[in-house]
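There is one chain below, alone, in structure tokens, taken in the form predicted on its own.
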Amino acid sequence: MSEEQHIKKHKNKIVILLAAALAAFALFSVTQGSVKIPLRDVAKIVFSALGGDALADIKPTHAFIVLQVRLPRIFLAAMVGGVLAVIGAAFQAIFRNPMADPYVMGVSSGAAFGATIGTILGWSASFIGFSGISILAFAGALSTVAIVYQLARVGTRVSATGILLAGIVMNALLSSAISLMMLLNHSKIDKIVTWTMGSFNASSWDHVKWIAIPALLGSLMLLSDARAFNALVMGEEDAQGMGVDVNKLKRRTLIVASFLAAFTVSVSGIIGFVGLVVPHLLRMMIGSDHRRLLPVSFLGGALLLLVCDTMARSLIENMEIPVGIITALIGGPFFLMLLQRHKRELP
């Protein structure tokens, strides 16, 4: 076996292991929580829901917990984690910067601003199962992205540096506005802070349906540009020489990825480090070929966020930790370690 074949086989093993680990942990996650449910009972409940015989020996409360609480939560956490990792990989490619993350265009601050307004106003309107807070978070995220994009656009050209600077400015402005609103509305601070920490405790099948189609279509659109990302990593001039319309690629990626980020943040709040750490780690393991990196990042992001969410609802009895805290506690030190080990490779 040649060295190239050996490397390819090694990379395939990583993909298979990630997929198997995701499936196994998803099964384990269904059994965990304040109420422990044996895996055998979980299997019976799912079989019954798929059209099997009704099972008299299963508690109705256990069936409700599995079908209406944990399964939608598991699906949602996996999809959000996968999408965040794919967005992170795409942004790191077009910015040619391993520090780029899914919220680089101000999605997080825009969503937080919208959610803060919804919390203070106590907006009770809902749409297909979504609260007014989620709707305003989605609108705030997209509005901020539109502003950042316009600030960074020079004619038909999109400046990567302009995006980063405009995103930083918008984050600062909106964070200040959020702090001011919290200062003037003490009674709402707990709700605002809880939302910004990220959580899946209100997950439902409506949320899963809301994000499933955009997640699939958006991820496929980004994957279709994998070859162009590979060319862009070598430099804009080289990519242009290989026939890649760099400005068009950047615009398309920014728009698609920002929409995806807005969808995810509207259902989960702000969850950091997944889109930053996962692509960076997997790039070290399988290389920078985005034809493989993007789909594998989806698996890795889904697994990481599912693990973190399971920890968030299982570590402390009768209490749920916001999942954003768990991802920060795991991702922060880990990423610092990566930076220390590979700092000479950073631009």
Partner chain sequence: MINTNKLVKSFVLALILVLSISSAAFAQNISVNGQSSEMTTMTVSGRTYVAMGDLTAFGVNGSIEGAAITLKDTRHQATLQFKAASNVVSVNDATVTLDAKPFIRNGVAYLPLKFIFETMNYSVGYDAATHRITLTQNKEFTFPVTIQDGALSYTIDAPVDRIVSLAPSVTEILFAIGAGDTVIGRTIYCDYPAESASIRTVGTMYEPDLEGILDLDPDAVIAATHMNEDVMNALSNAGIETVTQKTAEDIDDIYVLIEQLGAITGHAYESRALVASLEAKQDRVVNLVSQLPTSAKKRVYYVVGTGEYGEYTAGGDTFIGEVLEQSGAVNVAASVSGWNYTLEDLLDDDPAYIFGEAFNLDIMKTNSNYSILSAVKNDRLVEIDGNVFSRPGPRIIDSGMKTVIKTLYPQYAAELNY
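Residue numbers count along the first chain shown, from 1. Everything quoted here is computed from the prediction, not taken from an experiment.
What comes next is about the form predicted together with the partner chain, which is not displayed.
In the model of the complex, every residue of the candidate spot (G122, L184 and S204) has a heavy atom lying within 4.5 Å of the partner chain. The partner chain in the model of the complex is approached by K59, whose closest heavy atom lies within 4.5 angstroms of it. Although the partner is absent here, R251 is not a contact residue: none of its heavy atoms lies within 4.5 angstroms of the partner chain in the model of the complex.
Heavy atoms of P295 never reach within 4.5 Å of the partner chain in the model of the complex, leaving it off the interface. Under a 4.5 angstroms non-hydrogen atom cutoff, the partner chain in the model of the complex has I133 among its neighbouring residues. Here the chain stands by itself, but in the model of the complex one stretch of 196 to 204, 165 to 173, 256 to 264, 105 to 113, 196 to 204, has heavy atoms within 4.5 Å of the partner chain. Scanning 68 to 92 for heavy atoms within 4.5 Å of the partner chain in the model of the complex gives Q68, V69, R70 in sequence order.
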